[in-house]
Ligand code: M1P
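We begin with a single chain expressed as structure tokens, specifically the form predicted alone.
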Amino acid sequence: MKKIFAFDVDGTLTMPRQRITPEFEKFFADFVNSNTVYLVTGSDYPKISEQLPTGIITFCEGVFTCSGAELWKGNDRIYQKSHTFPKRLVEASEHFIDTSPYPLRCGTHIEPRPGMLNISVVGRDATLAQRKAYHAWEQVAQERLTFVSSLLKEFPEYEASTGGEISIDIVPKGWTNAVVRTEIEKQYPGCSITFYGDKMGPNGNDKPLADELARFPQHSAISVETFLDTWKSLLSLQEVLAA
């Protein structure tokens, strides 16, 4: 049975929106060269290119961006889904941002991506320190989960999840990263897929794929908190395979 590995990026291979560390980059590059690896992320392709070196991206079997709305092979886009979000939903997102009690605003707050709308109160241009400050505040305030809950009630034809530390991803119903399973199985029928992600809890953006894989005994999903957990798990796997 062909073994496939799939990895989220933010929080799983890197710190959120940061470059992969040099030490882990060397290890992971060797792992990608020796295994069949896909990346699965809510970010778009340019952002992945900022976080991972070309060597790793090129040697991956594929890169699913925008929660599966795009699939890339190297620099070539294999497919792309697109969607126009209704004005009323965009206005609801703007109202959420405008009425948030969090005081800091940094750059882009609503970012259309292929098949997805990404929104953030603090903004996409926030520094690492500003991201962490918002995340610490939001862990108590829970404003993202509150908005996701209200959005799903008002717009049942859409799905929403918390992405990374600061954002919310909104997609048409069924347009989640759960599609990754079927896309990989088209290329590798009968394979087993092991997926690593850091947001598999309620409303997390890794949960749809994790839940989809859980329906099949040959597949598995491994929840991590940081790239260090991913590294440790892969080291343990290599030890088992070498025994």
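For every residue, the number given is its place in the sequence shown, counted from 1. The structure displayed is predicted, hence computed values, not measured ones.
Omitted here: the form predicted in complex with 1-O-phosphono-alpha-D-mannopyranose (M1P). The next part is about that form.
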item	value
Heavy atom contact within 4.5 Å of 1-O-phosphono-alpha-D-mannopyranose (M1P) in the model of the complex, the stretch among 117 to 125, 69 to 77, 83 to 91, 99 to 107	117 to 125
Heavy atom of each of Ser43, Arg131 and Gly164 within 4.5 Å of 1-O-phosphono-alpha-D-mannopyranose (M1P) in the model of the complex	yes
Non-hydrogen atom contact Asp169 with 1-O-phosphono-alpha-D-mannopyranose (M1P) in the model of the complex at 4.5 angstroms	yes
Residues within stretch 189 to 209 having a non-hydrogen atom within 4.5 Å of 1-O-phosphono-alpha-D-mannopyranose (M1P) in the model of the complex	Asn205
